[in-house]
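Below: one protein chain in two forms, given as structure tokens, structure 1 then structure 2.
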Structure 1
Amino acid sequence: MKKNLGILAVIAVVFIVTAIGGDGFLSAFNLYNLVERISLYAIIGIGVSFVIVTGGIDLSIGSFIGLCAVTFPFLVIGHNVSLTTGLLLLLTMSVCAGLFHGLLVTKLDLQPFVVTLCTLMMYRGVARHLVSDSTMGYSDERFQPLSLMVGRLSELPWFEGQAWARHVPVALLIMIVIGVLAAVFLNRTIYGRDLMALGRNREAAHLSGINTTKMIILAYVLCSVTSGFGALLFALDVVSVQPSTFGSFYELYAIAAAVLGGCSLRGGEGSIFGVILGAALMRLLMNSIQMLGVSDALEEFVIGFVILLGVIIDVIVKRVVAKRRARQQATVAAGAE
């Protein structure tokens, strides 16, 4: 919480500015869309933060999302596999991808950046080849049950007919559940502690009897599984999927969200709440840019600029706080003589 002050401030500013300057920003429809997007991107952000905590990185998320999004209808529609079987296969695929990354990173001690850069290309190629570049659709009624996940809360039995539920995306609920689980895992379980420790100093963690290999692999698996699930949500939301482009750059969005949220790529630091804020800021920005009618050309500039600003403010805030703390204690110490 306290460490996310900087970004919280930025979010507030952007929100207020847009609320004032952009017509329709506060409309129920827009807020609904905004929240849904935030939820989707936050989910993959959470996924990658597991890996980032270990001091690793996963660049393949984007094309893995593309691969999953293509494979699922390829199985369900193309080969008449049942939904459940399809989902299981998707899960298996994700686990395998995670294992593959993890094993290469630990057993062969390859650099995560390199491994996932290669798989980034590989997954994209497989996705394109699998359906020979044709667009896949999720409009088939067989996907109906799943589509609930990207619908409105009111469509779920439990929230039947509640008025407010009509303005809340189910994705938000999903994101919150995943977020809470992730936060508990990272901060309250020994596994989370292990990850934090080895993220800082793998050798020392290893010599303290932590099974670093197992934990790192676990992190990559968690990341891939989350991305696989994210892929499903994105695909269901976007409905049509182009193998050659679907999901590209999402890894950067995810990583940026994590970093904005206070994860250090040097490992050992990460806050799930922060990641969600990070995703929120980025989606909010994109939305604001549209609402304020900024030219698309500038969109990328604005996003890059504000993220950078956020990070810089963050650092400066931290420094000031540290300085103040130091000075206080110093005077205390001095007084103590």
Structure 2
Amino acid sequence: MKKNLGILAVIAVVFIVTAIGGDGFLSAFNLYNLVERISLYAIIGIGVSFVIVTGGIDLSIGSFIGLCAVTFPFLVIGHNVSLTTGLLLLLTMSVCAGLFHGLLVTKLDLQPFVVTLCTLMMYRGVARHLVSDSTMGYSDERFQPLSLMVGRLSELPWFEGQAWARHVPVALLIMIVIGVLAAVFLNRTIYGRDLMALGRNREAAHLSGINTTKMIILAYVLCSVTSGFGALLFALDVVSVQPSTFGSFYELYAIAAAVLGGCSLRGGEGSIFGVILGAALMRLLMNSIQMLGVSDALEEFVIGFVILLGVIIDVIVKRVVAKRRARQQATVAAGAE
């Protein structure tokens, strides 16, 4: 909770500074786009947080998003597949990707970093080969029913005619729903508690009766399914998708959001609300760079610095907690004597 309050304070400071120094920052257009992008990146950040909680990592998110984004129109437009069938195939592909990652990590005991680094390149290569490096579009009228997911809240039947809903993206509502479901899963179900226990101490979790193999595979499946859904939202939002570049660095945004939000890269810790705040801070920083006239070249620096800072803080906090716990145990032992 204290870390979340700290992130909120940083968000408030960055927001105020940018509002003062950046022309157009407070415009309805910019704020709408900012909230929409925060929502989209928070969704994939929530997905990767399940993997990070187990002590793993998924570097293939960006490439997998690119693969899903080009595969869907390839099926619907290129092969005249219905939207329903296309969505089911997209879901199947996402589940299979998660199973593939999870089985390699658990059954072959490969490092998640190595596995997902390899699939990062594999997915990008498949995406480019599948459509021969051609740009894929979502402007076809067959995608119209799905475009509501990246529209304005006022376009939904339940909010039609309400003035305030014109300024709220549907993506925000989707993110809130996914966030609530993820928080309930992680904090209120036995599976979520098992994931946390697994991340803290895999051996102890196994000895206590937790099926660690099943839980790790579940975490990767949840991450891939969330990434597949996020791919659809991102693609519908930008309309045009380049297989060679679409989704690039998205995994870094997702991981940075999770780390900033309190997910320890060592595993065993995580907060869905924190991940959302982390995504908000990341996108706000990116928006601030643009609004304040800072060079776009610093965007990669900011991402790298934020991830590094999050890791450093995590290590320092753990060391402080360990020393405090050791002193308390020493005090108790001295009192017992």
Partner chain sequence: SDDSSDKPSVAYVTNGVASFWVIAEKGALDGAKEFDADVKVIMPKDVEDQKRKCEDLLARGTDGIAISPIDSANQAQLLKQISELTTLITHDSDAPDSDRLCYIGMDNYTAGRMCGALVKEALPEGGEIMIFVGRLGQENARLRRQGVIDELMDRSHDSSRYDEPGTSINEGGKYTVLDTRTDGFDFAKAKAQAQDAISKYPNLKGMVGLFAYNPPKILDAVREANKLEQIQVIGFDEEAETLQGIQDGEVYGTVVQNPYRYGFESVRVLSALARGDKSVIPEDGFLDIPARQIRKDNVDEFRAELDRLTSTAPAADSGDEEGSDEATEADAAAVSETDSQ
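On a predicted model such as this, the values are computed, not experimentally measured, just so you know. The term rigid core refers to the most C-alpha atoms you can superpose between the two forms while keeping them within 1.5 Å. When a residue number appears, read it as a position in the sequence of structure 1, where counting begins at 1.
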Practice problem: Can you spot the form predicted on its own among structures 1 and 2? | Solution: 2
Quiz item: Which one of Val180, Val131, Ser295, Leu75 sits right at the hinge when the rigid parts move between the two structures?
Solution: Ser295
Exercise. Quote the angle in degrees describing how far the smaller of the two rigid parts swings relative to the larger between the two structures.
Key: 17
Exercise. Superpose the two forms on the rigid core, then give the C-alpha shift of Val302 between the two structures in Å.
Key: 4.5
